[in-house]
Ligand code: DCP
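Next up: a single chain in structure tokens, the form predicted alone.
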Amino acid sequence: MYENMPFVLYVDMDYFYAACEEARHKELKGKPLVVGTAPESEKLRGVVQTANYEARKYGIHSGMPNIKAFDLYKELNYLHSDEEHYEEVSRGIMKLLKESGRPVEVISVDEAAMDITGLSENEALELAKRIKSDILKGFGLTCTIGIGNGKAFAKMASDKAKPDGLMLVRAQDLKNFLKSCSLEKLPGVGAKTFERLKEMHIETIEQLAAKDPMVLIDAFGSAGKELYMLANGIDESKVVENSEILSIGRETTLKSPVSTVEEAMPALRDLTKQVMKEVEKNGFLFKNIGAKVRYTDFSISVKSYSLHNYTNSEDEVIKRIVPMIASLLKNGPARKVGVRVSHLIKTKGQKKLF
């Protein structure tokens, strides 16, 4: 085993938004259900945020327009997203994980990584089983847990074991495990990277691992080195303890619809200042910046940007939010805009990184 890699337990909640709704609407359990961005009175607008597994059997998935989802299954159950409730449930789950006394990194509203370095494989499995049981008893929700040497590989194991599963990837089995996974399951391989790799005649993790790392660095910069290392079973990223507050965001309804980012700028600057005031008050750094637009037809679109380093820079937020809002406004005029930062950690006295 590569000596710098921590032993990690990765918790991934199953179809989280829809599962939260099933927990409080027992009559929907076992029925095709989606949670979407539009109000229930306008359910043919907007997009699917989460589909439960019964809905997925009909080809329905997150990011799909609601109208298409109803085309695929007419009797689909639909609920409007209640993000405040989901974040409240998430905070309870993250608090439960942190009660283990081990470092926990909140990755998103429904994912977290725990550093369990020092535990034996059997101890790790027992801990995972206890966590699954406690979450089910406490919240009525199932989760999938992956365990492995390295945060990336523990996440890949959780992806492979879904739903309601548990998978341990032993150090000696890691390379064979990677061979069994499709290239797009490797963290860092998004749609654009996947297409670029295909153009380079790289279609499997095994082929990526065998590629000259300098060729990958030329093509992708520092991300090329990271891809090469992950493909070869090396993940040096650490579990970074962070706050139970998952994100800080503000949004506002505009006096009149806007069609350009220039028209939206006064509101964006004001929202950014509000967000940064909250960031500073709580002593946070953030690594992800998000933009949100609600169009005049009430549909919603969002974009996000992940930084290479944590920051608490207001200028960095404006720098990233402007092109995202400009891109979103290409789809139509907006009546509401929002700014959000996430992937939060405490500064512990650090100064601005930008």
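In case it trips you up, residue 1 is the first one in the sequence shown, and so on. The model shown is predicted, which means the values in this text are computed figures rather than measured ones. By rigid core we mean the largest C-alpha set that fits within 1.5 Å across both forms.
Below, we refer to the form predicted in complex with the ligand, which is not included among the displayed structures.
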item: In the predicted bound form, the residue from Gln49, Asn66, Asn312, Ser301 that sits within 4.5 Å of the ligand by heavy atoms; value: Gln49
item: Sole residue of Lys225, His85, Lys162, Arg196 within 4.5 Å of the ligand in the predicted bound form, by heavy atom; value: Lys162
item: 4.5 Å heavy atom contact with the ligand in the predicted bound form for all of Tyr10, Glu105 and Asp115; value: no
item: Stretch in contact, per heavy atom within 4.5 angstroms of the ligand in the predicted bound form, of 325-333, 25-33, 53-61, 283-291; value: 53-61
item: Contact test in the predicted bound form: Glu111 vs the ligand, heavy atoms, 4.5 Å; value: yes
item: Those residues of 7-31 which, in the predicted bound form, come within 4.5 Å of the ligand by heavy atom; value: Asp12, Met13, Asp14, Tyr15, Phe16, Tyr17
item: Ala38 C-alpha shift between the shown form and the other one of 2 Å or more, rigid core reference; value: no
item: Core superposition between the shown form and the other one, C-alpha change of Ile60 at least 2 Å; value: no
item: Rigid core fit then Val47 CA moved by 2 Å or more between the shown form and the other one; value: no
